[in-house]
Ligand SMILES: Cc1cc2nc3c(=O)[nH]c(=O)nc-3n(C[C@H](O)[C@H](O)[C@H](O)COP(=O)(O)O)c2cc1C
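Given as C-alpha cells, the chain that follows is alone and in the form predicted on its own.
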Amino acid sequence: MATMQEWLKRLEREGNLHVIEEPCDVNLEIAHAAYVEVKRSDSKVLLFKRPVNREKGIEYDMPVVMNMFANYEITEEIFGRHPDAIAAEIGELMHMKPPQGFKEKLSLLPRLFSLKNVFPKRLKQRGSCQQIVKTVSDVDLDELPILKTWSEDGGPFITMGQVYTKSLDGKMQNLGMYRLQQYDKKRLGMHWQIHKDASHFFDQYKEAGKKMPVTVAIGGDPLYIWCGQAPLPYGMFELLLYGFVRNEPARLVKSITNDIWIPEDVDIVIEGEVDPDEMVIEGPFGDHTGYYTLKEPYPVMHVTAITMKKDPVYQATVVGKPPLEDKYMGWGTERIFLPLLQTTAPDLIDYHMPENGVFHNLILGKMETHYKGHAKQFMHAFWGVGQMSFVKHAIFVGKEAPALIDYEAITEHILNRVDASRLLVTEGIVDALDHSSPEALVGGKLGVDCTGEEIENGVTATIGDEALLAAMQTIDVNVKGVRQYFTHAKTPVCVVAYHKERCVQAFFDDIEGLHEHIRLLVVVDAESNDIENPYMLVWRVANNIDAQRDVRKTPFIMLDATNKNALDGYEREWPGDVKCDRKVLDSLKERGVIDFDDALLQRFYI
C-alpha cells in the first residue's frame, strides 16, 4: 500500500512525472493540458503545483494530479505486476480442487492464508484522511480545485471520485466511479446511472423514504479508483478486489458524519447524504464517448463534512475522444477479468475492447467453435452478462485468427470472412451515455460471426477511389469523398464522406447498382470526419450507429454512421462531440505548459 504522495515521488524518480510550476486554471486549462499529453505515445503523469481559479480569484493550496494511468508501464506498476499474472491467479483459484492428501493440504495453506488479505480491515482510530476536519458551516467545496473540462460543460465536475455507498440494510457495500457536478459550496450532483449498483441502493432508500448516506473519496492509492470501475457482480464490494491484487487488506476508517467506511489513506473525503425526493438537472458534460451527455435530472448530495490530509493531492481525469488514460485502466480490466468471463463462455480464448471503440461499443472475441451457431451463442451470452450487456457491436473470430491487438492482421482476417449472412442484428440494453439509439437505454446490437473459413466470393470488380467517387457523384452530388481500405481483402471497406441533405437510407437505395464494386460501405458526415484517419473513423462509426436502424444487408452491407436528425426520423437531441478551446491550447503552449503541432490536433480530432 502506497499513498498518493509516495507514488508521485516514485514516478518522479523514474522520470514518469512532469511537474508544472506555471499557474494553470481549473477552468479548461488543466484538463486541456492533460488531454493533449495523454494522447502522446510517451505520455507522463502531470502534477500541477499551482492550480488557480481566475474567475473566482482563488489560488489553491493543494496540487492537482492528472493522467495517473498515463501509460502501460505505470499501470503495471500500480497493479504491482502484469495484469495477466493477476488473471492467472484468479484462474487458479476458480479451478481449485479439494486436496487429496496431507501433502496437498499443506501446499494449499499459503494460498488460503493469502486470501484473508482480501477482506478490508476496519480501524478504530481516525485515518490520515481525517487530519483536517470541516463540518456544517465550515464546509466549502470551493476550497477544492474541481475542474471544468469542456467549454459546454454545465459546470465543474469531480471526475476521479471514489463514491462509497451501502445498501439500506447495511449488508452490501459498493465503490463506484461516477462524475459529480459541483452546484455550489455544499451540493454535488450524483450521476449514478440507472444500471449501476449505487442506483439500486438509491431505489431502496427512496422506497423506504429515508435519506441515503454517501461518502466520496479522492486520491490515495491509485488502485482504489481502478477498483471503482471494475465490473464486479452486484453485491460484491470492490475493495475485496483491492485486497486480492495488493495481497494486503484495504484499511478503512468510519466517516465522521455517516456510517460509510472509506480507506484511511485517501487524500480528500466528502461526506453527505442524498434525499431521494430531490432531483436537480445535471450536465451537460463531455464524456468518455467523446460526446456531450445531455442535461438530465439526477439526485443531489448535500455535503455534511469535508476531511483531508495535511498535504492533500487532488486527483482528476479528463474524458473525451480516445486515447485517454481509460485506455490503460481498461487494459488492466480486460486482462484481469478474462478468467471470470470464461466461466460464462468456457470456449472463449481471448477478448479485446479497443479504446477507439469506447470499450462498450466494440468487442473482439477469439473462440474455439464446436458447432454451427456457436459464435451467435457467445453473442447472446456476452449481451446477458453484467457490464458486457452494454456492448453494442461484437465480432468473433476462430482460434486460428491473429492476435486481437494486431489491428492490421485481425482486420484483414475479419474482412476475408465477413458476410451479410453472418450478421446478427438484435436489440438489448445500451449504456446510458449512448446517443445513437432512437430511445434512451435500449437500442440495436450487431454481432458478426467471422469464425470458420474465408468466404468464397469477394468483391467482383474493384476500382480506384477516384473512379468510384465519380460513379457515386453521378448518382448523388453530395458524395464529397471516397476512401477504400483493404482492397486486397475479400471485403474491402469503402468509406464515403457525405454532405447530408437527405436520409442516407435513400442514398443507399440509389447506389445498389454499384454492388460489383462494393461489399462493405460506411457513410460518415463530410464536415466532421477525415476519411484518411481510420483510428477516428472506428470511433465515429462505433458511436454513431444503431444496428436496427443503420445496418442494411442487401445487396451489400451498408452502415449509416452519420449524425442523425429529423431526416432519419430521429426525435432525440443529437449531442455534439467535445472539442478543445483553441485559445486555451495556444495560451498553454505560449506559456510552456504543453507543446503540440496541428498534426496531433488533427489526428485525434482535438
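The first residue of the shown sequence is 1; numbering continues from there. Everything numeric here is computed off the predicted structure, so don't read it as measured data.
One more form of this protein should be noted, the form predicted together with this ligand, which is absent from this view; the next part is about it.
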- prompt: If contact means any heavy atom within 4.5 Å, which of 135-143, 507-515, 170-178, 407-415 contacts this ligand in the predicted bound form?
  reply: 170-178
query: Does this ligand come within 4.5 Å of any heavy atom of Q193 in the predicted bound form?
result: yes
4.5 Å heavy atom contact, M388 and this ligand in the predicted bound form: no
- prompt: Closest heavy atom of Q229 to this ligand in the predicted bound form, within 4.5 Å or not?
  reply: yes
- prompt: Any chance V313 has a heavy atom within 4.5 Å of this ligand in the predicted bound form?
  reply: no
- line: Only hit among S437, T304, T317, Q484 for heavy atom within 4.5 Å of this ligand in the predicted bound form is T317
field: Sole residue of M536, A489, V245, A198 within 4.5 Å of this ligand in the predicted bound form, by heavy atom
entry: A198
